[in-house]
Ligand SMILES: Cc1cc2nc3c(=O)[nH]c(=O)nc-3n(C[C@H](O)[C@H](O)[C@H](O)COP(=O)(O)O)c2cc1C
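Next comes just one chain, in structure tokens: the form predicted alone.
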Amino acid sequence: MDRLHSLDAVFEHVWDRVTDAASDPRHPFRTPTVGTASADGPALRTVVLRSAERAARRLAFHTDRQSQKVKDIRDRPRMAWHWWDPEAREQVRLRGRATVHTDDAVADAMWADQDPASLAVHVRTAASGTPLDAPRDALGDSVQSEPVTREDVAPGREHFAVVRTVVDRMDWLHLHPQGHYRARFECSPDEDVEGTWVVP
């Protein structure tokens, strides 16, 4: 990866990569780690990035509305996102305010937009995190054979949630052969962005 020489170039580069990842299943930024805060400390998990809106500085993924991460976000609506691309030697960390959408236009739109195969995980016989006596996925019978259709996944809509984050902080690190370097950006509610170079 070429060395970037301006803060504007870094900011645009990060959003280019994130928005590309939302539409490209093979992109190295497609499956970020997200962090939430729970009563007993921080919690990390991998999600699939489903939407990235540069103008609104908004990221989204879908999940089981009964999951612990949804409870965490409702209790403490701040969330962090992390990506590491070993080939580019690039780390991106984003933070912001998160919201959970279940029975609204946001959730309806993502449900309608997703391929049924990606929605099959929501057709479960038990909530995510429920203890089991043996290893199994607890998926319902309607999604046990292919191809999975929209009718097959319909029972999962009641478990479906969209988590959105409006990004207000970006931290970017590039481990470059000519010297490591790092940039940080603060984004205000009125859409002003203030960037600065910081020590890696």
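Numbering starts at 1 and runs along the sequence shown. Keep in mind the model is a prediction, meaning the values are calculated, not measured.
Another form, the form predicted together with the named molecule, is not on view; read the next lines as being about it.
Only one segment in the set 42-50, 170-178, 150-158, 133-141 has residues whose heavy atoms sit within 4.5 Å of the named molecule in the predicted complex; it is 42-50. Shown alone here, F29 lies farther than 4.5 Å from the named molecule in the predicted complex, counting heavy atoms only. In the predicted complex, the named molecule sits within 4.5 Å of a heavy atom belonging to S128.
Under a 4.5 angstroms non-hydrogen atom cutoff, the named molecule in the predicted complex has H62 among its neighbouring residues. If you take 68-88 and check each residue for a heavy atom within 4.5 Å of the named molecule in the predicted complex, you get Q68, K69, in sequence order.
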